[in-house]
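Coming up is one lone chain in structure tokens, specifically the form predicted on its own.
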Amino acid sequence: MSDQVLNLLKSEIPPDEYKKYINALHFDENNSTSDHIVFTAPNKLLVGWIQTKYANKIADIYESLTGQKPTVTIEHKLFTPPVKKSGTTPPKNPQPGPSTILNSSYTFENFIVGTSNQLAFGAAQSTAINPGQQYNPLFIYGGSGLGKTHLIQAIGNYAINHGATVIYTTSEQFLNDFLYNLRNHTMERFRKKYRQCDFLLIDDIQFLSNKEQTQEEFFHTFNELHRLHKQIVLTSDKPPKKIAGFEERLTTRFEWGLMADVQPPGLETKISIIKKKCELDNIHLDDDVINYIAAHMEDNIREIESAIIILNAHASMLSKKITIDFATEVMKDLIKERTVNITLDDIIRVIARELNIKPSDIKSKKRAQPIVEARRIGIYLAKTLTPENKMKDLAEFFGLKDHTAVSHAMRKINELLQNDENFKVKVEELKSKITSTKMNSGESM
């Protein structure tokens, strides 16, 4: 089965990518189950790269062949060729694995805390230490790639290390497990698995939307665990009331405990995440490279970590030092130059949102330092991103006397860009957010 899956993957990706990365994969039969497939790769660089770029695609191929979509994990392990068994075929109705498998690297110690996630982090820690008490259920929500899975698995890892029984699953795995046991008339086994645990952790609960039978079973499982003061932790991309396709009695229960959102990380948090990732993986990046990644990558933490892995992999393969020029060249496909029809209003809107200043203040004559700085950044980015606007146009838009005021603002900004690295990174990040916001709105040229 694994060979068939990889052969199908080979037909879907460029040959050089398959040769560089997928050829190194080996199926770990001993540690795989029907709902959790494990492959091994010979070095940590490949592990991170393959997990990020290909794991979902491999899972989709498995689903197309078996009707059941597993979680796919890539692990670091030197490969010893096994003795091949002939004539083996996958069972038509594979038995779901009974055990919870967590990523051991997802711990509280490895999670970078910033203003965007400190509530969720604090609640997760409190839940792990004092389960079934104040926050039950704990409902963590936020966009993709912001750290929800890290937090929910950190709870699980902490609980297991302190002797608790933990069931961690995705909503998709929960659904598949439910359907398997329903078909085979083994629902008591299903209920025993999910109701006789100290922690039930379900990732991406929104995918149970419109699954009425599964929601009915989960409703009773929730009630039983809550009655016994067992801890329930759920994650979703939206708060409960905004998830369509759920019965009201369930969304009401989701709100019984604490709802904690995870926001996109700020610039300082992104820099800390990059530094922590480098520390964990023993990767050395100079500050200018770290700042470049933080400023130009968007807010998805998984994509930021993937960029670091890709950068280091290229440097290792080519025996090159990671300089800013090298990083710019390697990451050009990850940080594509955006050609968009950006307006002055687009620029002001993003600066105002990110710096927490009213758009009208940026265009006013107010002299408070944060407003003056935001106005200068606006002028600089307007000159950079909308070259069609003349100096007199910018002066009129920003409410300045004439073009000489624009020239003065440009001189001050250029001085700061040359002398203050933190300011330079802030401006670069704002520039990236303006272009990416415009691209995501579907208004590219």
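Don't overthink the numbering: it's just position in the shown sequence, from 1. This one's a predicted model, so the numbers in the text were calculated from it and none came from an experiment.
Heads up, the form predicted together with a small molecule isn't pictured, but that's what we're talking about next.
Judged against the small molecule in the model of the complex with a 4.5 angstroms heavy atom cut-off, the residues Ser144, Thr149 and Lys277 are in contact without exception. Contact with the small molecule in the model of the complex, judged as any non-hydrogen atom within 4.5 angstroms, is confined among 226-234, 343-351, 154-162, 109-117 to 109-117.
A heavy atom within 4.5 Å of the small molecule in the model of the complex is found for exactly one of Lys366, Arg189, His314, Arg302: Arg302. Shown without its partner, this chain lists Met259, Leu175, Val289, Ile273 as candidates; in the model of the complex, only Ile273 has a non-hydrogen atom within 4.5 angstroms of the small molecule.
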